[in-house]
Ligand SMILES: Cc1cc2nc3c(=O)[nH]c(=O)nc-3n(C[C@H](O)[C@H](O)[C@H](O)COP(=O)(O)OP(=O)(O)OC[C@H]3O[C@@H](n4cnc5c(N)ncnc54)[C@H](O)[C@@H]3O)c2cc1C
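Below you'll find only one chain, the form predicted alone, shown as structure tokens.
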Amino acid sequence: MSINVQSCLIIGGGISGLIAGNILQKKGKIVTILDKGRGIGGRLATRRIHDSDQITGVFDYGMQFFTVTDPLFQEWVDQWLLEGVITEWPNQLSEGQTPCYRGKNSNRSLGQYLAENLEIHRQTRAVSLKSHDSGWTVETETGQSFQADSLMLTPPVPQSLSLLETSNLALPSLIKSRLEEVTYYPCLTLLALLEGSSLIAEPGWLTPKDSPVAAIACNQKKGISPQGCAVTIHSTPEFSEAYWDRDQAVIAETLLNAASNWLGSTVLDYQVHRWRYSHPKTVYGEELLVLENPGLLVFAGDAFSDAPANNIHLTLEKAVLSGIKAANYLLH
């Protein structure tokens, strides 16, 4: 069946939405992206903590790096390398066999690059979806209204389901059940600005064993935080679930104690970030979901895959491939 999509509203400015938006716009479609966050890129997340004019920490605090297995994604990665948007990051995880990639200036810089030519409305939370003869209307919490003849949902599945429910849009029961079975790991992440250099060895990445700490990244040795030793500490899913509702001071103290052997310096400041939907634990089983009633609606994201990623560093690839598949469906 051929469809005639001229415009698309994409909810979610993570990499699935950004990839789909770029593909659609290059084919002459009108693309509008709504994202509830201040930044762009979802887990391509970077933050700064200032202690003084001399000390500023730059933290990649979501995805630290990504790897590639699919030739289709490799084509995009090769182009990003050619344009100087990303770089390889030597990393012991790959054991010298599989390249690890990161944003050259920060991981957020990759999201910003993909967003450059797109119409994106940041800090814009969708609260209501309405279908009509000419497509979709999305209302936001600030009273704005956006329209297009197709709609793409790329947030974590529970957030998309909640939005559909509050919009009084019912899904077919079997599809709803499958979507409700999609689950995610949580992750509590600590951003610690140190007075001096950390004890983390080059290239700035380690994964402790038998610890509430799943991984530690030294952003200074990683090469993105020249004016401050910024250490990102990701906790395990088990720790995250147990401590999710605890005070951030308790979370910070516990993780700093667990990571003390690799810090070696006074902590000047810290922040805690809660990733409720860090990465998929169970997935939908297909790379996208398309519904044609009550209007043309496409679901995409890292949970739309045939199987969960066998390591967290492949989840970006899953998200990209889903975004490509979603855009190509709307173009056929």
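A residue's number is simply how far along the shown sequence it sits, counting from 1. Note that the structure is predicted; figures quoted are calculated from it, not measured. So that the term is clear: the rigid core is the largest set of C-alpha atoms that superpose within 1.5 Å between two forms.
The same protein has a further form, the form predicted in complex with the named molecule, not shown here; the description that follows concerns it.
A single residue from the set Ala192, Ala214, Ala126, Ile200 has any heavy atom within 4.5 angstroms of the named molecule in the model of the complex; that residue is Ala126. This chain is drawn without the named molecule; in the model of the complex, the residue among Phe65, Tyr284, Tyr270, Phe299 with a heavy atom within 4.5 Å of it is Phe65. Not one of Arg48, Gly57 and Gln220 comes within 4.5 Å of the named molecule in the model of the complex, counting any heavy atom. Contact with the named molecule, judged by heavy atoms within 4.5 Å in the model of the complex, is confined among 38 to 46, 289 to 297, 260 to 268, 22 to 30 to 38 to 46. With a 4.5 Å cutoff on heavy atoms, Leu163 counts as touching the named molecule in the model of the complex.
Although the partner is absent here, Gly228 is not a contact residue: none of its heavy atoms lies within 4.5 angstroms of the named molecule in the model of the complex. The closest non-hydrogen atom of Gly111 lies beyond 4.5 Å of the named molecule in the model of the complex. In the model of the complex, at least one heavy atom of Leu314 sits within 4.5 Å of a heavy atom of the named molecule. With contact defined as any non-hydrogen atom lying within 4.5 angstroms of the named molecule in the model of the complex, the contacting residues in 278 to 292 are Ser278, His279, given in sequence order. After superposition on the rigid core, the Cα atom of Ala309 is displaced by 2 Å or more between this form and the one not shown.
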